[in-house]
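Next comes just one chain, in C-alpha cells: the form predicted on its own.
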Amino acid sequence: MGLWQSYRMRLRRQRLLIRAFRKRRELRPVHLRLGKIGSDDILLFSTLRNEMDRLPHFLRHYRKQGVGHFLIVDNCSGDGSGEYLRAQPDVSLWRAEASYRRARYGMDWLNRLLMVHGHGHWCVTVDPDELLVFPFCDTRPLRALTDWLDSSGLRSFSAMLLDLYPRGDLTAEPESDMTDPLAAACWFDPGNYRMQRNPVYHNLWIQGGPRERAFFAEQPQRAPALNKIPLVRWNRRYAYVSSTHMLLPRGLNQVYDTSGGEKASGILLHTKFLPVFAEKTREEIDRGEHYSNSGEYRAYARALERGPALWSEFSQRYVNWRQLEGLGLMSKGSWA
C-alpha cells in the first residue's frame, strides 16, 4: 500500500507539472525584470486581483525582510494594481485574463513561474493579504532564517494563517489610516484552534479561529484551512497541490516535529478583514471564481447582513512574534 501510494503521488505531481506547463499560454508578460534576479536572491511569488489597498504595505514588508524580487500574476485588476506594480523596479509582472478557478485558483500559474524562475532559490509564495513573521524577524532578516534552514538540511518552513480583525463592526468605516493594514485590523484569537494530521500528504490540517466561530459555527468542518507552507527551497520538480497548504513531494509537508520536540515555524498575519471586505465579498460572489462556487464568500455575505464584529472579550491585540510564540502559535524551535 505504501509503494502504491507513493507511485500515485508521483503521478499526481507529474500531472500538476504538466498542467502548469500547459497554463503558460495564459500568462502574458507585462513588464519583466528577470535579469535583475541574483543567483542567491530570495524570491516572492503571488497572484492577485484588485489589491491596491494592500500593495504598498505588502511590498514594504517583504522588502524589509530581504526579498530580492517579486514575480506577480495580475488576474485582470481594474483598480490600478497592475499599473502600480509595473512601475516597481523589483517586480516582474504577468497578466492572466483566463479563469482563476480553472487555473486551480491561480496555483497552476504560480507552479509554472516557480518551475521556471524559482529553481534553486528560497521562494516565498503568499497572497497579498498574508504578511510573514518568523522568529527574530524584528532583528534578523529572512536571509538569516534561510541560511539556518540550509545548514539544518530543511527545505521548507511552515506558518499558520492568523486572521486579524478590527475591534468594531466589519462593515464600519475605517478608524485608522488604510495604508497600514496592521493598524486597521490588529486583533486576533489567541486560541480556538485544532489540528489533525493528513495521512495521505503528511501535513497538519489546522482549522478554527475567528472565521470558524463567526461564519462556520454550524459547519466547522467547512471552515478555511489555516496551515500553510509559504517558504520553500524550490526545485523545478516540486508542485503546490492545494493553495500553499501542501506540496509534492510529500516530504516537504513534514514541517512539524512528531518526536515530541518543536520545529521552527512562523505566522502569516492575514489582513483579510479590512474595510473593503464587504465590497470584495460581493465582488467574489458575482465572479464565482473561488473554491466551491465561492461558498466561503457566500458564508461571509450571510453573516455580513447581521453586521458582525469578530472582536470578543478573549481577543488579543497583536504586538510582535514573541507574543505569538508565548501563546504557542509559532516556535523558534532549535534556532537560537
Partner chain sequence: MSGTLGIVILAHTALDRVAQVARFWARAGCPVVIHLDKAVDRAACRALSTSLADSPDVGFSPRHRCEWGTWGLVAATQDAATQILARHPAVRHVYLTSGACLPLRPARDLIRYLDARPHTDFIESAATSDVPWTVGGLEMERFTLHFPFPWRRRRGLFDRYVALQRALGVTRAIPPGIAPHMGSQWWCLTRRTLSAILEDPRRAELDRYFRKVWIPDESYFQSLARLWSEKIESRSLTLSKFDLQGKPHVFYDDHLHLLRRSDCFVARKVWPHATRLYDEFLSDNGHRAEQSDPNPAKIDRVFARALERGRRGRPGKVSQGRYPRAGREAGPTAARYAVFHGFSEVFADFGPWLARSAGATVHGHLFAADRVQFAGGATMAPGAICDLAGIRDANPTAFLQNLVWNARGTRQCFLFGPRDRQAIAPVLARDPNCELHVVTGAWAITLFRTNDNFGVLRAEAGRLQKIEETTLRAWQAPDAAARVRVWTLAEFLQAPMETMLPILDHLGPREARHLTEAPRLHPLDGFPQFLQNLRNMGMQLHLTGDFALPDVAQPQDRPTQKPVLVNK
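Nothing here was measured: the structure is a model prediction, and the numbers come from that model. Numbering follows the first chain given and starts at 1.
Omitted from view is the form predicted together with the partner chain, to which the following refers.
Taking the partner from elsewhere, every residue among 213, 330 and 336 has a non-hydrogen atom within 4.5 angstroms of the partner chain in the model of the complex. A heavy atom within 4.5 Å of the partner chain in the model of the complex is found for one listed residue only; from 232, 132, 115, 160, this is 160.
A residue is said to contact a partner when one of its heavy atoms sits within 4.5 Å of a partner heavy atom; residue 179 fails this definition for the partner chain in the model of the complex, lying far away.
The shortest heavy atom separation between residue 103 and the partner chain in the model of the complex exceeds 4.5 Å. At the 4.5 Å threshold, heavy atoms of residue 152 reach the partner chain in the model of the complex. Contact check for residue 265: a heavy atom falls within 4.5 Å of the partner chain in the model of the complex. With the partner chain omitted here, the record of contacts in the model of the complex names 137 to 145 of 72 to 80, 116 to 124, 103 to 111, 137 to 145, defined by a heavy atom within 4.5 Å.
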